[in-house]
Structures are given as structure tokens and as C-alpha cells.
Ligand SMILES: Cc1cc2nc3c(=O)[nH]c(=O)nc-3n(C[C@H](O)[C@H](O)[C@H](O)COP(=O)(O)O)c2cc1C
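Next up: just one chain, as C-alpha cells, the form predicted on its own.
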Amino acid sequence: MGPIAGPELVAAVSNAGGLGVLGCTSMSPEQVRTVIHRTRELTDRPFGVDLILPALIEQDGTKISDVAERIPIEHRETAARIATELGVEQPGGSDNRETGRNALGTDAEAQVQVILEEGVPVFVGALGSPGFVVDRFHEAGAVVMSVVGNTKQAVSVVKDGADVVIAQGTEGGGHTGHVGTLALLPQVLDAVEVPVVAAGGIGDGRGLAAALVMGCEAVWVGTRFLATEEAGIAGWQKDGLVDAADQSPVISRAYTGKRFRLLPNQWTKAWEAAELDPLPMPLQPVLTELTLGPWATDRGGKEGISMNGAGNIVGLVKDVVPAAEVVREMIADATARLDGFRPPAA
């Protein structure tokens, strides 16, 4: 969820009895430290930090300016044309002051060091294996969770040392795979011997109860928490979630270069119509940021341009409420359903 899952949302979830997780991939190491400190001001309960760990990408930090040099001219021209058609003022291309930062998904080593120094008890890795950092987190006494989209990935991250597998079906918002949640969960449960957390298409007590009956230990919820008072997105984005239906989200590579489920907008539609395919990560997110500037992601807030991630569960989202209310209602509803559940006789 990136910066959407900031200190206010994370603390609210943890204070209500869940496990809030900060989304820190897009942050500098200094920003990671700042949000960890702020979260600790708001809660004394456990919380985690999430970083994406893209496969085949070095994690020692790659400057945006260096990545920009590798972007083909035809993609630069296409992105600039789309931005002009959308009425977006170009932020300056390679002269943009942001080019000195490290590119999205390339800076995990420095970010991890801060997380370790701050003693965060839970680390969540996505889009790749946490194997290169898992020993350091275990030495620090932290639990390592890993998000996967298929059974092969689940087996792989457990082999690499993950303590918990978060199995996310394709229905989930954000970066997502190809396998549906109901098909994925039993296969992952059969394949690994560590706790499994269900994700993708879960947004109420019914989903929580179903996951527990299936054998999962918990659920990983994203989309429902987007439409909460504490979520770090603009009001129009929350309104879009409330108005959306189950078929509203689409999968696009227009922002990050990887499969990403979100509500479509002018930027995603323009790339779908373009003759060029989006570039792989980290090239596409750099191209997007240098073209759109602060409107590129959830840090912006410009309708039609800013990214608005959402899973298919969005059709269940009917209002914007406090995050604690979401947690309490999910627990209460799941408890009631499980108390009334009677498995069939053997």
C-alpha cells in the first residue's frame, strides 16, 4: 500500500488489535526512520514494515538519474505525449531534483538497515524473496513474512527462511499474480509447514472466517483499509473506492512495470492504447515519476492521473470509516460466524 499505510493508519490498526504494517518501499532511509518513530508515538503495540524486493534487481541503491539513462527514447516520447494530452506540466525530466534519489524497488539494503536499527518486530517482503536479509532479521528477533502469488513462490521463500507466508490471490489490489485466492490457499497450505496468511479479495468478517476454516492463521487486508479515515490518500480517491464495483479494478503495468490491480484512469488507459508496452521495473516507475512528477503515485492527488490501487473486494466498500471500526467489525462478524459453524459429520 506504500505511503497510504502511514503511521496514522498503522497505529489505528495495531491499537484495534490487528497488525498494522508501514509501506516504505518508496521512502528514503531517513523517511523510513521518521515514519517508524511517528508510529511509535501513536501506539505501543507491535507493527511491521513492508518493502518490495523485486527479483533480479540489485538492492544496493540505484539513482533515478542512472535508471533514466536506460529508458528508450521512444518510451520517453510516448510518456511525454500522454502527459501533454492529459494537461500535465512536465516536471523537468533528467533535471528534476528528485533524480538524486534511489529508484523504486532498488534501495532495500539501506532501508533494511534502518528497520533493524529501530528494532521493528515484523518485516514483510514482497515481489521477491527476503533471503538476502532474513538472517539479519532473525538475529534481531524479528518475524519475517513474505507475500507470494503462487505455490512455487511459497515453497521458495520458506526455503529462504520466511517465517510466515502471505498467499495473495489475483483478486488483491496492488502488485498481484495470476492465481485466484480460493485456488491458491489450499495449495499453499499443503505445500509449506509455516503459518499461512490469506490475502486477495478479503475485506470483511466472512472472508476472515473462511480463511480460518481453510486453515490459515490470519488475513492480510489492503483495499478495505484504503477507504478509512486514516488512509493517506485524497478524498476523491476514497470516493472512487466507495463508488467502485467488483469489476471496476483492472490490471496495468503503466505505473510500476509490474502487474498492478487498480482503478483505471487516464494514464492507464493511454498506455493501454499506446503502441509501446510499459517498461519493466525499475524503468517504468522512473519514467512515470519523471513524466508526471508528484502526481505519479498515491503521494499526489490529481484525479485521472494519480494511481488508485484496489482489489476486486472494492465492491463491498460502502463508506469511509475509522480503521479501528473495520478491525472490530471483521473480528466480531468472523467470531459470530465461526461460533455458529458446525462442520459436517465425519
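Keep in mind that what you see is a predicted model, and the values were worked out from it rather than measured. So that there is no doubt, residue numbering starts at 1 and follows the sequence shown.
A second form of this protein, the form predicted together with the named molecule, is not displayed here; the remarks below concern that form.
Although the partner isn't part of this model, could you tell me whether residue 260 comes within 4.5 Å of the named molecule in the predicted complex, counting any heavy atom of the residue?
Contact check for residue 260: yes, within 4.5 Å of the named molecule in the predicted complex.
Close approach of residue 249 to the named molecule in the predicted complex, 4.5 Å, heavy atom
Although the named molecule is absent here, residue 249 would stay clear of it in the predicted complex, with no heavy atoms inside 4.5 Å.
The named molecule contact at residue 310 in the predicted complex, heavy atom, 4.5 Å:
Yes, residue 310 lies within 4.5 Å of the named molecule in the predicted complex.
Heavy atom of residue 163 within 4.5 Å of the named molecule in the predicted complex:
The answer is no: residue 163 has no heavy atom within 4.5 Å of the named molecule.
Taking 4.5 angstroms as the heavy atom distance cut-off, pick the stretch from 135 to 143, 185 to 193, 270 to 278, 198 to 206 that is near the named molecule in the predicted complex.
Stretch 198 to 206 is the one.
Quick one: from 226, 79, 154, 115, grab the residue that has a heavy atom within 4.5 Å of the named molecule in the predicted complex.
The residue in contact is 226.
By the heavy atom within 4.5 Å rule, which residue out of 52, 305, 68, 317 makes contact with the named molecule in the predicted complex?
Here the answer is residue option 52.
Residues of stretch 166 to 185 in contact with the named molecule in the predicted complex (4.5 Å, non-hydrogen atom)
Heavy-atom contacts within 4.5 Å come from 168, 171, 172, 173, 174.
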